[in-house]
Ligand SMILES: Nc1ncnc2c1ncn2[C@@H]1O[C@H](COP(=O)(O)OP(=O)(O)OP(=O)(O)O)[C@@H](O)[C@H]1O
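One chain follows as structure tokens, the form predicted on its own.
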């Protein structure tokens, strides 16, 4: 067997394992930020712990390969990955409802530097998902490094149905950077669950009252301007820092505090938002529709064409339209999954391919005429002419 063929077989096996594992996870959420120092990991940890306290089965995946902080913040630094009876490695248990994984337990020393380029990081993240037995989860929270580099891009490509939570602080410099994260999500077609304003207000360590010594409200205003949900604000609290250093997430260590209450509200808002976004897809209120095109008209054969018009549709209206080229080595199903398409509108498609796509939860609607443009076909679909 040629080396290239063997490599392709191994990659196909890895992709299969990733798909199988992801099929057992209902909601996948990446927590990201435009810049460092905004408390993104603190939000990730307390969100994961808070969800687990609500009796959800939760996984917490740390893909910040160069600066993994999750084990320290959970107070579990010396644990090793358990091996299952079938030989697979499992994630590390933090509580009955929460398990986590970070690269730190795999390093020879806690302070060992990870000096990896893109391909190694991409491979590691895929192995974290596909090679680790996460079990069945309600939520997988993914803590990404700041910015829009290899790690969040790998998550977007590997988990096309993941949602994004963007963390910012009220200061203008952070808000400028967070707009880049929002634009990144829209570019890679990742739906944004909402925005969190961290370090909003200050909890006095003496009296416990909330004081507005810093700016606040900038994140909420940005969310409104960008048309995304505002999930909540978390105040600055010295106990959060102390709890994180001690490996005791604030939401559990100080359950009666204002900060814990803010995290609990965040948890409630995240649950409500994920359930709402799930229903939007299931009920057809949100759709991502792909249409094969040739020039300005519909393409005759979706399997042979390489250009697709892709529409984001919410509440019966087209919100975003894009034209995307399918790579030569990518089949139709893989392409539509990468685009997170919910529907394919086309002139014709074989029964075998129609069944294959609908098994992959991509609805196929056939109709139209060769001289019709994709915009017209989509409007016919939305108006009920095309069913």
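Numbering follows the first chain given and starts at 1. All of these numbers come straight from a predicted model, not from anything done at the bench.
The protein also exists as the form predicted together with the named molecule; that form is not presented, and the subsequent description refers to it.
Engineer: Residue 241: heavy atom within 4.5 Å of the named molecule in the predicted complex?
Structural biologist: Result yes; residue 241 sits at the interface with the named molecule in the predicted complex.
Engineer: Is residue 41 near the named molecule? Define near as a heavy atom within 4.5 Å, in the predicted complex.
Structural biologist: Contact check for residue 41: yes, within 4.5 Å of the named molecule in the predicted complex.
Engineer: Decide whether residue 235 counts as a contact residue for the named molecule in the predicted complex under a heavy atom distance cut-off of 4.5 Å.
Structural biologist: Because a heavy atom of residue 235 falls inside 4.5 Å of the named molecule in the predicted complex, the answer is yes.
Engineer: Residue 69 versus the named molecule, in the predicted complex: is there a non-hydrogen atom within 4.5 Å?
Structural biologist: Residue 69 belongs to the contact set for the named molecule.
Engineer: Could you work out which of 146, 249, 170, 292 is the residue within 4.5 angstroms of the named molecule in the predicted complex, going by heavy atoms?
Structural biologist: Among 146, 249, 170, 292, a heavy atom within 4.5 Å of the named molecule in the predicted complex occurs only for 146.
Engineer: Using a 4.5 Å cut on heavy atoms, which of 267, 73, 195, 190 is close to the named molecule in the predicted complex?
Structural biologist: Comparing distances to the named molecule in the predicted complex, the residue within 4.5 Å is 73.
Engineer: Work out which of the listed stretches, 47-55, 33-41, 353-361, 324-332, brings a heavy atom within 4.5 angstroms of the named molecule in the predicted complex.
Structural biologist: Result of the contact check: 33-41.
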